[in-house]
Each structure stands twice: as structure tokens, then as C-alpha cells.
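The chain below stands alone and is given in C-alpha cells; this is the form predicted on its own.
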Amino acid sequence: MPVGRHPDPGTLYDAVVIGAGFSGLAAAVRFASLGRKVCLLERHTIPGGLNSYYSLGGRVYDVGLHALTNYNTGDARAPLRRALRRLGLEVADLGLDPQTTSRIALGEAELVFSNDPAFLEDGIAARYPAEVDGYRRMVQALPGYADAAEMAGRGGAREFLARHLQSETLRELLLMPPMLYGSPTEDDMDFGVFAALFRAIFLEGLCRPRGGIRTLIRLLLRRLREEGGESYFGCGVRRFEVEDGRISALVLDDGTTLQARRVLSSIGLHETLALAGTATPTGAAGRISFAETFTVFSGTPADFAWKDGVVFFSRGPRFIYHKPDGLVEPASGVICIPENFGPSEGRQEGPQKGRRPEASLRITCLANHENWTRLSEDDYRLEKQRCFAEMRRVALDFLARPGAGVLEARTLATDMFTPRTIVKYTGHFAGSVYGTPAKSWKGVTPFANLRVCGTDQGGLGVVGAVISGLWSADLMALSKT
């Protein structure tokens, strides 16, 4: 497999895959396994896209991933198992650590769930006894994964929940995790996307690969090498050359020109069309972006009485999910404590050998890309400090609080990213994390030999992105265009 920075311009590739996020990685592996000559291009120097990692101060931090969905590994037909098989991998290769419990907190109301769907149902029966029959009917009414894709664009999740549940609080509690994990739509969620993510989170469960997201990234890169595929990092596409409704060539950042029979892009629908000179219509880019803080403490989560893997929180009686007027919306978001996945003796995810136990706290809140972009460099640094403190202050209301000064005394490291960071390392318009609300569900574009996969094809979350890449590669590999 080539190890240089740039592909050979004299090669005609069966397929070029743009973007080494999880849909792009999976697609490249699949093309190669089908015997196609494939080249994977990534402008950043590290793969993973929106679910990647970085090193700082001797520690490795995951970006994007709180938890993998679809943990249910007992069913051979489950999405995660099926996807891994088609990639030539096994569940055991990932070293998955399941969640023990996670929690949804809406003001004073809360629900706790685990990887056992009956545990959540029992919790609903205990707290909302009049609603449990409606909840069961709601679960029965959920379409399967294939049918959920067909239901996309046919109504919202709030309307569906209201048909089965009378309690607005319960509806909001059940809506929060799927929306925070994959809705590009403000204040509601496409029913098809909701159905798929509800199954993935509540009915199949959450987990984390031991060693973090780079475990899965490394496995996919290894499989690409084994199948003879090519990958190049620090190697982006500047523009497409178009002829007779087809992409006739790709011009790279350094001016190199590549030819390919087919092009599959995972960088976003409008980001891809821009390479062909097509402007993004006003309002078409997604509006959902996030800021995230990282804090590392000495000790274990148990030292602070933090027992949940993930906490989805909102201060008020109705969940806030829209682009904030300010820089961030600290009143709702996600708290992740990675060390609370898996057996207690195996929960050290990032520290190097010999380092004392550490507990990580990640807080993710909605953010306004335009407001962050307008700041000068000096104001940007100051506002990051202010927002960091505000996000942490609100989030700690939903966790057990140690004594005064304990967290400060035990803090070992902090960091934060904003929508500006997302744009810098992914190129996503407006720092959009879940892409445009108007998905290309079949992955089609105006160009016969160009398709999109990943978020804007509807593949949300790591597992959804992988499945999107596999499906798109199969479709294109068999296509005569």
C-alpha cells in the first residue's frame, strides 16, 4: 500500500472516496474488498472526521464519540454485527465496554436506562404508571431499521410520541437522547431518524471501544491496507472538473489531477457540491453545532460519586434544541464520563502505563457558529474561558457535587473545542455536526458518477455512518455509471 502523501496522478481509479470519517473509511474498505482500485483522500492528517481524537499533554482525547450505539451483540442481525462482518471484523476486535447506566435529566424529572430495555420500561412503570401501556405500544409501533429509512421525511418525532404518551415530560425525556445524538432539525426530529436512533440507544444499548475511538479507526485502516486500498492524509480535494454531467477529474490541493470512474464523498452534500462550483442555497447548511469541554481529574469517577456513563440534561421542563442566540446554550446538553463504561478494573481509557487513575468529564452543549466566528483571537480565548466555566457550572447541577474545592484541587488538565474548531478540522459548513436537514437519502447528486455517503445520506452516529459507507460502496461498485 502506498505510503506517500499523494496518489499517482497517472492512475485511473475505480473509485475515489473523499473524507476519512467513518462512512468514508467503511466505503473504502468495501470497495477494496470487492476488488476495486480505490483511493481514500483526507485533508486532515488524522482520520475519523467528526469522531476523531487528538493528543495534548500526553493524553489522548476522543472528539465526537460519547458512546457507540447498537451494543446488542447477541443478535447476528443487529446493525453493528452485520456492519462489522461486511468489513471483515468481529465484535471482539473492538473490545467493547458496555454502559452500566446512563441518565436523562429534565429539571427535576429523570429516567435511568441501561443496555436492558426492560430496565427502562420498569423505570417508566414506576415513575409514570399511567403511561407504561402507551410506551409499550409506542415501541411496538416503531419501524425496523430498513422501514425507518423509508419513513424519513414523513412527519416528526414529537407528533409520533404525542400519539402514544400523554405526559409531556415523559415525551421530552425520551426525545432528548435521540435528538442530541443525531437530529439536524431544530426543536423536533424526523420520525425515521428518531425511530432508528431510539432503537439504537434504548433497545440495543450503548458501549465504548476499549482504548476509545482510535481502536475502531485503526481496525478500519488495517483492513484497508490488507485489502490493497490506498489512503492519503493531508491530501484534500480543491475542486472537481465537470464534463457532460459527470466528474471527469479531481484537482487536489497541490494542483495534482486525479481520474476516477466513480467518486463517493463523505464530507457533506453541500460541501461536496461546492467542489463542483455549486453554491449552497441560503439556509441549506445545518444549524446544529456544539461546543465541548474536557476536564481530567485525579482519581476515579467513584471518588466523586459519578456512576453514569452518559447524562443527557436540560434545566427546564421542555428540552432546548435550537441554535442559541449567544455563544453556547448551557441549559441543555450531554455529560460523558468515559471511565464509567465496562468493568471497574478496566475503565482506564486514556492514561499511559504507570499513571495514577484519572476521571474524565466531557460536557457538550449547543453552540452558535456565526457568533464564535465573529470574535477576534483575543476575545475568542476569553470567551472560551467564560463558556467553559458556565457550561461546567450548569452541568455539575446534574452530578453529585464533591466538597468545596475538591474538583479544583484534583484538576489535572482541561481543553475545549468550539464550532470554529469543527470547521477547521472537518470543513463542515457552519460547523454543522449533523449536516443539512434536507438529506439525500439515496446519496444522489446532479452528477451521474458522484454520490454522497455519511451524515447527509442519513447515516448518523458512528454505526450509522459505517452502514451508509458500506451501502453506498456496494451501490456504486455495482453501478454501470
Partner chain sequence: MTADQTRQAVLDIITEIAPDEDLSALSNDVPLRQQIQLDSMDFLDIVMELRKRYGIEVPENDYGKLSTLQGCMEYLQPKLP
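Positions refer to the first chain, counted from 1. Because the structure is predicted, anything quoted here is derived from the model rather than measured.
Same protein, other form: the form predicted in complex with its partner chain, not shown, and the subject of what follows.
- Though the partner is left out of this view, Glu131 does not reach within 4.5 Å of its partner chain in the predicted complex, counting heavy atoms only.
- In the predicted complex, none of the heavy atoms of Met416 sits within 4.5 Å of a heavy atom of its partner chain.
- Using a 4.5 angstroms limit between non-hydrogen atoms, Glu383 is distant from its partner chain in the predicted complex.
- Using a 4.5 Å cutoff between non-hydrogen atoms, Val63 does not count as a contact of its partner chain in the predicted complex.
- This chain is displayed alone, yet in the predicted complex one of Arg261, His164, Arg392, Arg158 has a heavy atom within 4.5 Å of its partner chain; that residue is Arg261.
- This chain is drawn without its partner chain; in the predicted complex, the residue among Arg401, Arg222, Arg85, Arg154 with a heavy atom within 4.5 Å of it is Arg85.
- Of the candidate stretches 334-342, 236-244, 85-93, 135-143, only 85-93 has residues whose heavy atoms lie within 4.5 Å of its partner chain in the predicted complex.
- In the predicted complex, its partner chain lies within 4.5 angstroms of at least one heavy atom of each of the following residues of 449-475: Trp471, Asp474, Leu475, in sequence order.
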